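The chain below stands alone and is given as structure tokens, in the form predicted alone.
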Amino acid sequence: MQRVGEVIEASTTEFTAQCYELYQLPPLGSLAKTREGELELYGVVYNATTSSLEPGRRPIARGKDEVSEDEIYRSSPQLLKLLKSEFGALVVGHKQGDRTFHYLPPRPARIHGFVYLCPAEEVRSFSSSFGFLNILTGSNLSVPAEELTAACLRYISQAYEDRRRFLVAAGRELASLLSGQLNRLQAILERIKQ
């Protein structure tokens, strides 16, 4: 399992993780997990940022005399210690023992809990039911719910041998879930086309 960061902020509905390496962020819509005691919490990556370690202090342009962006970091290696990459994850379910639940867990993630990208077999297991779509489509985050839902479904579909079949099934579920919201449904379906 690929460890992608460590929880630095948590609530019942989401968690924020800091990456160990600058710019080593998981993709938008990917399925990540962390632990809280006996619970495994699943989150969909919705936001990624790279910023200064010091709040309120913005990085400044340094590449005027450099040939490439990589040269900036070679001539100023301290930059790697002054910047941080973080991502937010919307909690879309949890697992206790061998049972997976597609609703919010009873407790938030632990601070300093390790965050992993879920391997393909776990992605398939988690997405064998579309219960998590209700949380995704109802989210009110910095990323529009339609964009996040589509990104998540595209990401999850990569774990399936027959991606199209999975996306068609997800589209049917969305049609039922968003039956009175044709514009939202159409926006998501357009973004998951193969």
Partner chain sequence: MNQERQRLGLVIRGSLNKGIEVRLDGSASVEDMAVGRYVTIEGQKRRFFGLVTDVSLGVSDPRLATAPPDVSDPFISEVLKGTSAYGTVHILPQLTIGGDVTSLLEGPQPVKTVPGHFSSVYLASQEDVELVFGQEDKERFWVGNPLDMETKVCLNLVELVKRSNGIFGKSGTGKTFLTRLLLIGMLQKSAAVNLVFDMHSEYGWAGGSERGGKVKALKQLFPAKVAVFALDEESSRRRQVSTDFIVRIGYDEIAPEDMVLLRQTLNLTEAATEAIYQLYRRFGWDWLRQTLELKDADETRALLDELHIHEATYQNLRRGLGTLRRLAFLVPKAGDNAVKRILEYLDRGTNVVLEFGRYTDITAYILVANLLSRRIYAQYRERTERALGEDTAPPHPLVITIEEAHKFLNPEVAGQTIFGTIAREMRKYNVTLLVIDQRPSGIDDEVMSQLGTKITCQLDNERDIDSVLAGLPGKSELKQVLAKLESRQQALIFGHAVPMPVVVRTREYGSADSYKSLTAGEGLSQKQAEKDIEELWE
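The structure displayed is predicted, hence computed values, not measured ones. Residue numbers count along the first chain shown, from 1.
A second form of this protein, the form predicted together with the partner chain, is not displayed here; the remarks below concern that form.
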Interface stretch in the predicted bound form with the partner chain - options 27-35, 144-152, 41-49, 159-167, non-hydrogen atom within 4.5 Å:
159-167
Closest heavy atom of Asn183 to the partner chain in the predicted bound form, within 4.5 Å or not?
yes
Mark Val7 yes when one of its heavy atoms lies within 4.5 Å of a heavy atom of the partner chain in the predicted bound form, and no otherwise.
no
Is Ser179 one of the residues lying within 4.5 Å of the partner chain in the predicted bound form, judged by heavy atom distances?
yes
Touches the partner chain in the predicted bound form: Leu22 (any heavy atom, 4.5 Å):
no
The partner chain in the predicted bound form: contacted by all of Ala61, Glu71 and Arg74, heavy atom 4.5 Å:
no
